[in-house]
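One chain comes next, on its own, written out as structure tokens in the form predicted alone.
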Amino acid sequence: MKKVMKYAFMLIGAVVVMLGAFVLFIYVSDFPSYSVQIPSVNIDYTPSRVERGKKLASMLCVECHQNPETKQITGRLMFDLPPEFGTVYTKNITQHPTKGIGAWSDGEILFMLRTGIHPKTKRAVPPYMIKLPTMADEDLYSIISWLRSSEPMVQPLDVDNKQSSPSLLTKFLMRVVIKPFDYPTKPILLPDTNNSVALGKYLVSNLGCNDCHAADVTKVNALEIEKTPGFMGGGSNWTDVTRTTLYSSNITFDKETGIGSWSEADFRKAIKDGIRPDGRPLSYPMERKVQLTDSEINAIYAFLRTAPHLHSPHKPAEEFVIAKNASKGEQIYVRYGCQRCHGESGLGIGDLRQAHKKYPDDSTLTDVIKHSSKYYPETVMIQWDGIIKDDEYAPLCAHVRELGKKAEQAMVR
């Protein structure tokens, strides 16, 4: 018996040592490398492709890569990733030849977007970077055409890339769970726009809807989205600019916990204006998709109706802690969730720190908050008219101006 126990303890010890060695290997190693075969493509950067590419990139690339200070796609800190992934900075993808992707070939960009393998380092890119294995060739050509265009946002800018610090979980996922996609052997065509369900599935598959509204972001099935556990039932955790935890919503057609009671018009208003049927604004990180046409939104609605109805109650967001001596304006700022995008200091995904100079009178600043699309046609900011009460705008404007003054004082120091 003693001998059996001795061997058992030896076996357990060996397993612990091997497990420890494996964890140490994962911790100190980089992401795995793979073979690279760059496709030969010759893309014609037509105006129609640039326009289409701008539309797609604004929903896929700009959201993560645009820096609020440079206003270009020079990369930023990803506040809204689950903290389990570590500290993450997106890259400079302007046309700069060394800091950006200006020296990359069209085939290299295409290969990385399809497979998730960096064409230069030959290493897998992180799991939180969007991959587009099912996007039509034509749409990918359009995105690349926009990246090569004369658009101000993509022009070369000499901004260094900041190094990310991926967590042990991220490294484990990259080594064991998440693998790059194979480059397709056949052309991928655009969906039939006359088939609403097919078009809706294509949009849901390629606009990241599945990534956010899954139950677990580490188990998303990008090739067969309906096989994703908890498909469209929500529940995955994210963070806002302040690192406050929040959860994605159930957008299946369950009537009690999902959007089963929403009409097509309700759904369009939520996507286009950011307003739910009950008048409440959508919560960050869901942004208005002002780029989508009504027919595209209707197609997404049609496809979601075909998904299984999941009874999945929405988890309440973590409560943001506000200082006891907060001004009335700051209380209003937090009540409507402004800090989720703009941060406590006014600098987040959007930068408010110059608003006090840009809009010196409260009437104009109030109008910008109420009708931001009038001033910035492509903004994803909610149109707050009718949501924020009229008597709340004056203290809110005062708080925005205070943020700008504090930022100036900090720079002087």
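Residue indices: 1-based, along the sequence shown. Basically, rigid core = biggest C-alpha set you can superpose within 1.5 Å across the two forms. All values derive from a computational prediction rather than experimental measurement.
There is another form of this protein, the form predicted in complex with a small molecule, and it is not shown here; the text below is about that form.
Colleague: Within 4.5 Å of the small molecule in the predicted bound form, do Cys212, Ile300 and Cys338 each have at least one heavy atom?
Modeller: All of them do, each having a heavy atom within 4.5 Å of the partner.
Colleague: Given that the partner is absent here, does Arg114 sit within 4.5 Å of the small molecule in the predicted bound form, heavy atoms only?
Modeller: The answer is no: Arg114 has no heavy atom within 4.5 Å of the small molecule.
Colleague: Taking 4.5 angstroms as the cut-off for heavy atoms, does Thr244 touch the small molecule in the predicted bound form?
Modeller: Looking in the predicted bound form, residue contacts with the small molecule do not include Thr244, since no heavy atom lies within 4.5 Å.
Colleague: Does Thr134 make contact with the small molecule in the predicted bound form, using a 4.5 Å heavy atom cut-off?
Modeller: No - in the predicted bound form, heavy atoms of Thr134 and the small molecule never come within 4.5 Å of each other.
Colleague: Do Leu147 and the small molecule share at least one heavy atom pair within 4.5 Å in the predicted bound form?
Modeller: Yes, Leu147 lies within 4.5 Å of the small molecule in the predicted bound form.
Colleague: Just one of 320-328, 222-230, 185-193, 89-97 has heavy atoms within 4.5 Å of the small molecule in the predicted bound form; which?
Modeller: Of the options given, it is 89-97.
Colleague: I want to check Leu81: does it shift between this form and the one not shown by 2 Å or more at the Cα, with the core superposed?
Modeller: Yes, Leu81 moves 2 Å or more.
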